[in-house]
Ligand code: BG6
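Only one chain comes next, encoded as structure tokens, the form predicted alone.
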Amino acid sequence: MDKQMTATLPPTSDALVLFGATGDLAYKKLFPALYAMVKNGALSVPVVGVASAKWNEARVRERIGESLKAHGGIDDSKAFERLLGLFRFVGGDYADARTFAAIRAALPGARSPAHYLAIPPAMFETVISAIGASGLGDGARLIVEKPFGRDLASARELNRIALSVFPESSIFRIDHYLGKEAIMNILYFRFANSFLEPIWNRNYIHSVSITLSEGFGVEGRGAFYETAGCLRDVVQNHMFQIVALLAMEAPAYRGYGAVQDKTADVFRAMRPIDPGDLVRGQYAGYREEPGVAPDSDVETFCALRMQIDSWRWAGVPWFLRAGKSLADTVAEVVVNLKCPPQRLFEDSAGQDGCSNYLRFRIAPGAAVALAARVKKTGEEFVGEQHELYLQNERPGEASPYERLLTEAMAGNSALFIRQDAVEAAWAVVEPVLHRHSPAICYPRGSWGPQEADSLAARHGAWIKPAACDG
């Protein structure tokens, strides 16, 4: 890590309080992350699990073991025992002051704990206010799991509540996508390679398309999805964060605040989405899912066209699509470069009209690839498209939650989202949260409604994700 970034960092958190210790997020992601942190020496402070469930400490410890066996296994028994040795459990009502008195008692000597809210958003206000009233917020950090509100007004209210107890510098808003190695590599690749800068603008880039697709449905989470939908669950956070890393200007100095300044500038430059630039879809059978209303209009698919009103990106269309029960599970970015100004060879346009493009594949299997045309053997001037792979996924990479928890407890804010950026992102989607066309039914295993193709029609079709080739 750069010395300029670490010089003014606050002390590392001396305890972790995990609210929602009996929930799915803790079971699937957080316990494996804590175990990995213990293994690599990044966690040696007390961990206090808190939940409203009527469990005892022995049952929660069993749950930790079950979690690790289901998600990677236990390959270091000593690390597992160290994790259990750090763990304490407090059960109680989040609205009861006695619960927070018990948390304080479980943290003897802790001066700067980190409080992780892995709980339903409806409980955020109750828990944050109780942390403040009990004095547990003094010198502490707050780690908040998305979603950060449901719209601009609720995001502002959530920020107001959080800021009434914690300073902005002590609030860490988690979007787990920012902890992925492939996402971090977008930022690094952009600013560590000088050959990109001359072409990374409206003069050479034709369009940018981003796909985050899942080949499965809501999988029993219909009740949750009814409160969110694809636009809130994926587009406003994950996809906008990717856009910001691609579109941001170079930071003026090497520091976490500089990166956050520049990404927030991108959100402020995004043009609010027009209803005509959004296609909403719903996969066939969604209304039969448990917890889903029989007449639900909640979208399980979104495709949108957006503009960034900045000097660098004026006039360059950005196409975003995401959804469930699509043709494959894949996440990637394709930056399409403009064709040569004179078509010397008939086939030089290449795939879907783009002769060159840069592909950032996030999943499955992270990679960066550059597409170029090469002449086929023979007398005719006929070519074919090839991709040059510049980087591939490597084994042993830290999981997003391992990385984010480590960074938050150390006080490093680069991979987290600032208040102004959250509110600016909500302002972009605000016009279409309630004013939009009905969701269009699409068949499972497709790429969504055919109407989504019309968004990109004037700029070429969506490029087929690399993971789906062959």
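Predicted, not measured: the structure shown is a model, and the values here were computed from it. Numbers for residues come from their place in the sequence shown, where the first is 1.
One more form of this protein should be noted, the form predicted together with the named molecule, which is absent from this view; the next part is about it.
Undergrad: For the chain shown here without its partner, which stretch in 231-239, 159-167, 192-200, 121-129 has non-hydrogen atoms within 4.5 angstroms of the named molecule in the predicted complex?
TA: That would be 231-239.
Undergrad: Since the partner isn't included here, can you check whether the named molecule sits close to all of 146, 177 and 214 in the predicted complex (heavy atom within 4.5 Å for each)?
TA: Verified in the predicted complex; spot residues all in contact, yes.
Undergrad: Even though the named molecule is not shown here, does residue 221 get within 4.5 Å of it in the predicted complex, heavy atoms only?
TA: Contact check for residue 221: yes, within 4.5 Å of the named molecule in the predicted complex.
Undergrad: Quick check on residue 324: any heavy atom within 4.5 Å of the named molecule in the predicted complex?
TA: Although the named molecule is absent here, residue 324 would touch it in the predicted complex, with heavy atoms inside 4.5 Å.
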